[in-house]
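Shown here is one chain on its own, the form predicted on its own, set out as structure tokens.
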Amino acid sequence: MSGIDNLPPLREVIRAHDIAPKKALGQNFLLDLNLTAKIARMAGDLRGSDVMEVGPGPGGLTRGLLAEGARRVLAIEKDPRCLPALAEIAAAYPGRLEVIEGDALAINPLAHLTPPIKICANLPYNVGTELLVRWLTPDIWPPVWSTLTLMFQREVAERIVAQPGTKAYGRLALLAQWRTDAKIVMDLGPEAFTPPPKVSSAVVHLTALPAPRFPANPATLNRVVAAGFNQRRKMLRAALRGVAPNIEDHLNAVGIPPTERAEQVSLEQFCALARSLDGQ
């Protein structure tokens, strides 16, 4: 019996169901249920919210989310070996856990969720960044989710919260900070996982803002940011030449020196440049 519910410890679950973590699926399991419950608490008050989890594996974080009071948990799991273990959790929490087998990149979960919605996951390393970008760039804002509480490699977490002038600053920081409040809320060393990865990890909590921090057309902003950071060593007058032939005029109009590099430009300045390009 574990410390947070009446189910077996996770090491017993993994042994009983023969769920050895697979590198090809980006699996590194968190087996300390006190730790998974702590991560669940980082998502805030879960009572009254549906929670979506991607890559639950044997269900450590799933159990934490349920024990912390989530109204319902929707768990999307690609590995069929984990489904029997997740079914045992569903039986222990009647009506509160739904498991979908499949690839989170190919599934639309909205039919299975009722607002308010939070997303909380120890994301598989191989799809984590792509999922985050999708969640940050929906067609309509505010999004269907109110918060994201996500575990990444520490390097990715630092890119999400990075500030101008740092090596980690780039497209991911701008996407996240344009529409959310993002902060690192927890660090985890390799020893917390089975098997231990070669890198440290961190949990990032992102809260959706009611509206973007500064006005800008999302498509224009994304195009400008992508072009600037795809050639981050170049001056902006060269890196952004493909965006507009008269790019220097636009840069000067919003107070950005054409000789500046993308990593020196703030979010507010990028948004101003996007508005200028759109004739606003």
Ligand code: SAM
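So that there is no doubt, residue numbering starts at 1 and follows the sequence shown. Keep in mind that this is a model prediction, so the values were computed, not measured.
One more form of this protein should be noted, the form predicted in complex with this ligand, which is absent from this view; the next part is about it.
Chemist: Honest question, do 50, 69 and 98 all end up within 4.5 Å of this ligand in the predicted complex by heavy atom distance?
Modeler: Not a single residue of the candidate spot has a heavy atom within 4.5 Å of this ligand in the predicted complex.
Chemist: Counting only non-hydrogen atoms, which stretch in 115-123, 159-167, 89-97, 138-146 is within 4.5 Å of this ligand in the predicted complex?
Modeler: The contacting stretch is 115-123.
Chemist: Quick check on residue 84: any heavy atom within 4.5 Å of this ligand in the predicted complex?
Modeler: Residue-level check for residue 84: no, no contact with this ligand.
Chemist: Is the gap between residue 184 and this ligand in the predicted complex 4.5 Å or less for some heavy atom pair?
Modeler: No, no contact at 4.5 Å.
Chemist: Residue 54 near this ligand in the predicted complex, any heavy atom under 4.5 Å?
Modeler: Output for residue 54 is yes: heavy atoms within 4.5 Å of this ligand.
Chemist: With the partner left out of view, is residue 103 within 4.5 angstroms of this ligand in the predicted complex by any non-hydrogen atom?
Modeler: Residue 103 belongs to the contact set for this ligand.
Chemist: Within 4.5 Å of this ligand in the predicted complex, heavy atoms considered, which of 37, 30, 46, 247?
Modeler: That would be 30.
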